[in-house]
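Okay, here we've got a single chain as structure tokens, the form predicted alone, with questions on binding and movement later.
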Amino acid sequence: MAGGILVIAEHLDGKVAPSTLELIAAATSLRVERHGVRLVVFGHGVKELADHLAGYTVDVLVAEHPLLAEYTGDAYVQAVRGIVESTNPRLVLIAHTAQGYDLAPALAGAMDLPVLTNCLAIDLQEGRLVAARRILNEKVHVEVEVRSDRPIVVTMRPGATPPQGTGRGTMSVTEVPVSIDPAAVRVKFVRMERPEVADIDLSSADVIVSAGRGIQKKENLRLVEEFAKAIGGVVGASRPLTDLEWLPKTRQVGQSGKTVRPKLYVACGISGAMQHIAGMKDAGLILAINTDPTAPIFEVAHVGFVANVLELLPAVLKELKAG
């Protein structure tokens, strides 16, 4: 059982992470020989989750062990290493999440494998991997080529690929043995701490209205919130506003915040630094409002208004209420 692509599933509280469905889509879009795409689910008591994932047109491997009930790097590296050694895939795909960018380099280091992180797209061409990445604070788009006769570990940025839809029928689900040395697990999971107040998940929103420094003061957020509510959206922000604590960090869109792919993204008073654009450029329709006609946001916007957002939004709201 060798070849193909091995996708590492990520899940929490019995729910599949959206980034896992994106990895499946990226993997199934590649032309691979032999065993194609296999998804591996690690955990304890995750058989039902694995059965669900088998509906996404990929064969699923289930690796269960009490030490995999919660993520720890040492336990996961041991478990993943065993499966990589037995399946010898061409690629090991991992989401570039907090879990993924801990696991990927640790796995690559333990097995002496090549690793590429934070990729936007991947392709297999005549025995070589070609990956698209952005470097120098997202200002430069590059393609990296890797040739290797050993598995290549790749992390992909969440939001870079549209997620895989469910397929028809059910693919195979196979339980695989896991061997973990408890003495080698140096970190012990204690508890999960969550925010006291649950906030909006920007990554799943269809309409996002984001505010930037152009709104001038915190009190003007009410205007942005009213507009977002009127068009069925939620409020996001650029980094300066979350740094000022006008909105929580969970609302930040950009390289150091959330990567989003809404159907509509409205940028209100956002100049468009590359770090922000990196997080929203793949929205279906981008509408930008800014008083500066040379603002970088207009380079990615589908529709742009050179206007004061504090004057334009009240006028639009008036028309919406009248119509």
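Think of the rigid core as the biggest set of C-alphas that the two forms share within 1.5 Å after superposition. Numbers follow the displayed sequence, beginning with 1. Please read these numbers as outputs of a predicted model, since none were measured by experiment.
This next part talks about the form predicted in complex with a small molecule, which is not shown.
Asker: Could you work out which of 63, 286, 60, 295 is the residue within 4.5 angstroms of the small molecule in the predicted bound form, going by heavy atoms?
Answerer: It is 295 that has a heavy atom within 4.5 Å of the partner.
Asker: Though the small molecule is not shown, can you say which of 301, 24, 9, 309 has a heavy atom within 4.5 Å of it in the predicted bound form?
Answerer: When the small molecule is considered in the predicted bound form, the option within 4.5 Å is 309.
Asker: For the three residues 239, 252 and 269, which mark the spot I'm curious about, does each lie within 4.5 Å of the small molecule in the predicted bound form through at least one heavy atom?
Answerer: Result yes, every residue of the spot touches the small molecule.
Asker: Which single stretch, out of 36-44, 63-71, 271-279, 50-58, brings residue heavy atoms within 4.5 Å of the small molecule in the predicted bound form?
Answerer: Comparing against the small molecule in the predicted bound form, the contact stretch is 271-279.
Asker: Given that the partner is absent here, does residue 262 sit within 4.5 Å of the small molecule in the predicted bound form, heavy atoms only?
Answerer: Flag for residue 262 set to no.
Asker: Quick one: is residue 212 in contact with the small molecule in the predicted bound form, heavy atoms, 4.5 Å cut-off?
Answerer: Contact check for residue 212: yes, within 4.5 Å of the small molecule in the predicted bound form.
Asker: May I ask you to check whether residue 189 falls inside a 4.5 Å heavy atom distance of the small molecule in the predicted bound form?
Answerer: So residue 189 does not count as contacting the small molecule.
Asker: Contact with the small molecule in the predicted bound form for residue 29, defined as at least one heavy atom pair within 4.5 Å: yes or no?
Answerer: Answer no; every heavy atom of residue 29 is more than 4.5 Å from the small molecule in the predicted bound form.
Asker: Please determine whether the C-alpha atom of residue 57 is displaced by 2 Å or more between the shown form and the other one following superposition on the rigid core.
Answerer: No: residue 57 shifts by under 2 Å between the shown form and the other one.
Asker: Could you check, with the core superposed, whether the Cα atom of residue 180 shifts 2 Å or more between the shown form and the other one?
Answerer: No, shifts by less than 2 Å.
Asker: Superposing on the rigid core, I want to see if residue 151 changes position between the shown form and the other one - specifically a Cα shift of 2 Å or more.
Answerer: Stays below the 2 Å threshold, so no.
Asker: Closer or farther: the C-alpha atoms of residue 100 and residue 278 in the predicted bound form, versus the form shown, with a change of 3 angstroms or more?
Answerer: It is closer: in the predicted bound form, the C-alpha atoms of residue 100 and residue 278 lie at least 3 Å nearer than they do here.
Asker: Mind checking the CA-CA distance of residue 298 and residue 131 in the predicted bound form? It differs by 3 Å or more from this form, so is it closer or farther?
Answerer: Their C-alpha distance shrinks by at least 3 Å in the predicted bound form.
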